[in-house]
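So this first bit is one chain, no partners, the form predicted on its own, shown in structure tokens.
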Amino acid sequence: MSLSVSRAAREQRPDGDALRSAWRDAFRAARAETERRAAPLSPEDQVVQSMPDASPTKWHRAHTTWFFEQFLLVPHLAGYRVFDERFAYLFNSYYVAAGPRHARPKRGMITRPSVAEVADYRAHVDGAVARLIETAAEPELATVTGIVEIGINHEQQHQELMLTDILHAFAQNPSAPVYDPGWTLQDARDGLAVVRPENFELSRGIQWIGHEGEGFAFDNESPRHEVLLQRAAIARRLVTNRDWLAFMADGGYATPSLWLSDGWATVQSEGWRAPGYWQESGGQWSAMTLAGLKPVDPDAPVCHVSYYEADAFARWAGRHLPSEAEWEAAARAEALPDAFGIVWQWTRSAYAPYPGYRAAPGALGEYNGKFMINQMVLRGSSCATPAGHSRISYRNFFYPPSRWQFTGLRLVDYPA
């Protein structure tokens, strides 16, 4: 279900009743999805932090609640009572302008407040947000709903992180816990079966990329601007586990010439010889998934690979990773049937501001802009991305060694 508020609802009666109702429903749906994803987890599951880059489920539930309290309720709801003054320190993430915060690598040490207290916190804030949407004066309603929209999309990002982070935690457990026995990685082969040829030919010329102005987008997706693309042939299908097994069998993880220097150093220090969560037993490969330990499906898209691995594979295959502009041009041409809902796809583009980008003022301006260094862009969306949160212009970004996310790749070639 999409959580967007339709243009029709935005243009309803002057009294704004339909618009208020639409925003209230969208807010409640987003908050309910977070709780649905947390429901299979025990209190013990929800407090664990398996590495500094991951956060406990309880922390995600509380942080997204603090976001609404800090940026919406405190400044806009007269008489609002903060649920607990300590929570701003415990559940702020990186908003320096909003005040001091608990160290990220130590979030798993926050055994209190309890899971039950966090549920009470969420209920307290949910009721106040609904009340604000219902009672905000007309001149202020656009500001209020604008922050609600940002908060919904922020919460959707954390819904994805809840799954990637608990998968990492469960992968450290020798008993291979199951989050959802029915979980599967979507297979795009049916969609690809009717698509020919194998590659989509991009013509040399000027293309527009970036957010087009309809619907929600984060600030890093703008301004929309022109780019010059060269002739290229971008693969319509994602790289599969079968492809990756061939790379491994050919010594891909043992051939320094395939790797960037930093990538090779990471391979050596981390002992990588397969994608994240893969385990070998008796010559057979299995992978830890949200459904537990499962045999590797050769025809499924490869998942949980870092930028370093994606780049090395592309070099081994005699091809390249696409730029984010090439990816976006192909997606806008509807040439990539597996672009969304399976794995995020690494591009070779560094995460940097678009020409003319300006971060928003205040603490909310810290959302994206200050991270535009030393990271790489991923495009598309994954099997963990909530419904309604994907779009062609979306720019995800992670550091090159990261592979606990649902990340894969497709390739591009440049005809002579």
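The structure presented is a predicted model; accordingly, all values stated were derived computationally and were not measured. Each residue number is its position in the shown sequence, starting from 1.
Form predicted together with another copy of the chain: not shown, discussed below.
Colleague: Does another copy of the chain, in the predicted bound form, lie within 4.5 angstroms of each residue among 93, 146 and 294, using heavy atoms as the measure?
Modeller: Heavy-atom distance to another copy of the chain in the predicted bound form: none of the three under 4.5 Å.
Colleague: Answer with yes or no whether residue 256 is in contact with another copy of the chain in the predicted bound form, where contact means some heavy atom within 4.5 Å.
Modeller: It does: once another copy of the chain is placed as it appears in the predicted bound form, residue 256 has a heavy atom within 4.5 Å of it.
Colleague: I'd like to check something about residue 182: if you look in the predicted bound form, is any of its heavy atoms closer than or equal to 4.5 Å to a heavy atom of another copy of the chain?
Modeller: Residue 182: no contact with another copy of the chain in the predicted bound form.
Colleague: Taking the shortest heavy atom distance, is residue 355 within 4.5 Å of another copy of the chain in the predicted bound form?
Modeller: It does: once another copy of the chain is placed as it appears in the predicted bound form, residue 355 has a heavy atom within 4.5 Å of it.
Colleague: Please check if residue 370 has a heavy atom lying within 4.5 Å of any heavy atom of another copy of the chain in the predicted bound form.
Modeller: Heavy-atom contact with another copy of the chain at 4.5 Å: present for residue 370.
Colleague: Report the residue, out of 136, 233, 115, 150, that has at least one non-hydrogen atom within 4.5 angstroms of another copy of the chain in the predicted bound form.
Modeller: By the 4.5 Å criterion, the partner-contacting residue is 115.
Colleague: Looking at 341, 337, 276, 108, which is the one with a non-hydrogen atom within 4.5 Å of another copy of the chain in the predicted bound form?
Modeller: Checking each option against another copy of the chain in the predicted bound form, the one that comes within 4.5 Å is 108.
Colleague: Spot the stretch among 99-107, 121-129, 278-286, 69-77 with residues whose non-hydrogen atoms come within 4.5 Å of another copy of the chain in the predicted bound form.
Modeller: Stretch 99-107 is the one.
Colleague: Taking another copy of the chain in the predicted bound form, which residues of 288-311 have any heavy atom within 4.5 Å of it?
Modeller: Read in sequence order, the residues that approach another copy of the chain (within 4.5 Å, in the predicted bound form) are 307, 308.
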